[in-house]
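Just the one chain here, the form predicted on its own, laid out as structure tokens.
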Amino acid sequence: MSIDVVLDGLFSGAAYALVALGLAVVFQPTRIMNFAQGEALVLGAAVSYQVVALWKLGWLVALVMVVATSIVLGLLMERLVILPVRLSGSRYAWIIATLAVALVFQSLFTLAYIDVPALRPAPMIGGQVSFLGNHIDWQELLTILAALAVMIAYDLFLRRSAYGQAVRAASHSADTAVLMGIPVQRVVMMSFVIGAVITALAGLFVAPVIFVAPASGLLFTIKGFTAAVIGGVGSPRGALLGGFLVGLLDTVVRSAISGTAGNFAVFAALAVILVVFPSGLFGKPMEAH
């Protein structure tokens, strides 16, 4: 196993970690797993491709537009889909609702980029950097560092802000949080927005390197979901570790055997970890709601 394979695994793991974090951000106050989360990654890739590759406006403009469009996506998702589902009183309607949203966005992205096999703009930073006698693309290194920075920033934000306290209260008991004067609905809305922005940033960073097809959102959701479960659903630190584990295991086995074997190894590892750690590596036992 070469260093190049490990670095590639860390790069793809950074993408999965950010998707897993987006899932965790939404899950904490809602106990909902958003199966349309990967569509935010495709949105980030699509906007950066449109702005950088087609409009030639540069990465700074792409960053601003990715953040703006992902905020709109998060708001639409929460207001038009999740809020009606929560008000309906059904405990499991969100599964079908979020899957339906994923399929709708896959169709929209496919129609918008029907002749584009991959949403791949030019790298933010070209060239390579030497590392232990090997070479890693600056774009891959930037993605890994960005994932670490986002994880640390959100973890601090969660622990030291009023939002973090409100999330923990809503996660424990939404009804009690409301009685304490916490605007739970606003917290839920903000969580969807933050989750969408984080996942869209993943698409912004990985699009120049990794293959992001217009209809690949569910694939990234599955890998991110696997990473979130391995690390512990709802744990930002677990999302980071789970993402890197999934990326490394998938890439190493793919390079040694095949792509199918890589997927099998990831899900086999998921099964083993859940047998030993039912709540994931960093997760806490779920309370009944």
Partner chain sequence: MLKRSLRFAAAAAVLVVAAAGCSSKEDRRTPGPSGSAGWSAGTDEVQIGLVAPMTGPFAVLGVSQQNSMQVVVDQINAAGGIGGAKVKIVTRDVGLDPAKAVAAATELAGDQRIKLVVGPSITAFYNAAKATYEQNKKVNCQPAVAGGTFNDLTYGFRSQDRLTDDVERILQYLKSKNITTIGEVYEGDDTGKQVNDLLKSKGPQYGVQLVGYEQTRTDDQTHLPYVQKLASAGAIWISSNVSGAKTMAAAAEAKYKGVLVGGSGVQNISFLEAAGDAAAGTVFAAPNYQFPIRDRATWKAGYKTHTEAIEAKYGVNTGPKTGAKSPKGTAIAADCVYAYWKAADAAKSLDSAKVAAAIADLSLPDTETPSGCAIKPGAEHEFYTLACIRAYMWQKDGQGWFTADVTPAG
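Just so it is clear, the structure is predicted and the values come from calculations on it, not from any experiment. Positions refer to the first chain, counted from 1.
Another form exists, predicted together with its partner chain; not displayed. Remarks below refer to it.
Margin query: Within 4.5 Å, heavy atoms only, one stretch in 32-40, 256-264, 57-65, 225-233 touches its partner chain in the predicted complex. Which?
Written below: The contacting stretch is 256-264.
Which of these residues, L148, I71, A118, A93, gets a heavy atom within 4.5 Å of its partner chain in the predicted complex? Looking at L148, I71, A118, A93 one by one, just A118 meets the 4.5 Å heavy-atom criterion.
Q.
Can you tell me if V104 lies within 4.5 angstroms of its partner chain in the predicted complex, counting non-hydrogen atoms only?
A. No - in the predicted complex, heavy atoms of V104 and its partner chain never come within 4.5 Å of each other.
Checklist line | M190: touches its partner chain in the predicted complex, heavy atom cutoff 4.5 angstroms | finding: Contact check for M190: no, nothing within 4.5 Å of its partner chain in the predicted complex.
Check L87 for me: does it contact its partner chain in the predicted complex (non-hydrogen atoms, 4.5 angstroms)? No - in the predicted complex, heavy atoms of L87 and its partner chain never come within 4.5 Å of each other.
Is D137 one of the residues lying within 4.5 Å of its partner chain in the predicted complex, judged by heavy atom distances?
Residue-level check for D137: yes, a contact with its partner chain.
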